[in-house]
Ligand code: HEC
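The chain below stands alone, shown as structure tokens; this is the form predicted on its own.
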């Protein structure tokens, strides 16, 4: 058991996120935080990033699927630890590119164009914030700068500290007996193969056998991170799991038709499932 738990603890403490290709400064973070709430960034001037990624809902929207795109809205925290982004877009290797993607899509905030940039430039206070973030750019607000500022802010968003983090910091009473048993099960039944510390996710893609799997990418969705997961229901890329217990039971029965060979039925009792849920909630 000690060796199994060490797999998680060592991974959580030692794992490092990818290198940051664009410089992150305090001024860029401040600008990006402002832009996340800026409705004028959308083509119609009525939607912001926070319209779907609501901070009070764990940077999700509480819906099974978002109206545009038909996919569950993923949380925004822990992105600094990722190297690929999007549910079905493994070719998107840049957080800057990911931040701009909703601004391209007319079903979300786009299409982005010069009219939107002109609207931003007309705000003297906002223009000053761009100048502070990009001092060599003069009065020119660009989409490249906007993506860099949004990405800088996104890299600072972290989930609230859970019981597991406090446990690793030495507060041994932080985890319940059920969560401790769930921690061991998490490794024993193979959850940690894909859900690896520190984000308890990975940049791999798998088909988990959901009926609503789209044809794109052969139904393979990115493995989501699990930190802060108790705040972000419903679950799966199609939002079909209402609770964490639903998630665990889906995997316990080996996923659905067409699931990846890596997803096999698990011999879990109801007590085991409750313990795994307790561990997930501790993250």
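Remember, predicted model here, so these are calculated numbers, not experimental data. Numbering follows the first chain given and starts at 1.
We do not show the form predicted in complex with heme C (HEC), though everything after this point is about it.
Q: Looking at 148, 109, 141, 133, which has any heavy atom no more than 4.5 Å from heme C (HEC) in the predicted bound form?
A: Going through each option in turn, the one that passes is 109.
Q: Using a 4.5 Å heavy atom cut-off, which residue among 157, 98, 165, 126 comes into contact with heme C (HEC) in the predicted bound form?
A: Partner contact (heavy atom, 4.5 Å) among the options: 98.
Q: Just to confirm, residue 237 within 4.5 Å of heme C (HEC) in the predicted bound form by heavy atoms?
A: Contact with heme C (HEC), yes.
Q: Test of understanding: in the predicted bound form, would residue 210 fall inside 4.5 Å of heme C (HEC) by heavy atoms?
A: Heavy-atom contact with heme C (HEC) at 4.5 Å: present for residue 210.
Q: In the predicted bound form, does residue 66 come within 4.5 Å of heme C (HEC), counting heavy atoms only?
A: The answer is yes: residue 66 has a heavy atom within 4.5 Å of heme C (HEC).
Q: So, residue 206 and heme C (HEC): in the predicted bound form, are they within 4.5 Å at any heavy atom pair?
A: Judged by the heavy-atom cut-off of 4.5 Å, residue 206 is in contact with heme C (HEC) in the predicted bound form.
Q: Tell me which of 189-197, 157-165, 171-179, 111-119 has residues with heavy atoms within 4.5 angstroms of heme C (HEC) in the predicted bound form?
A: That would be stretch 189-197.
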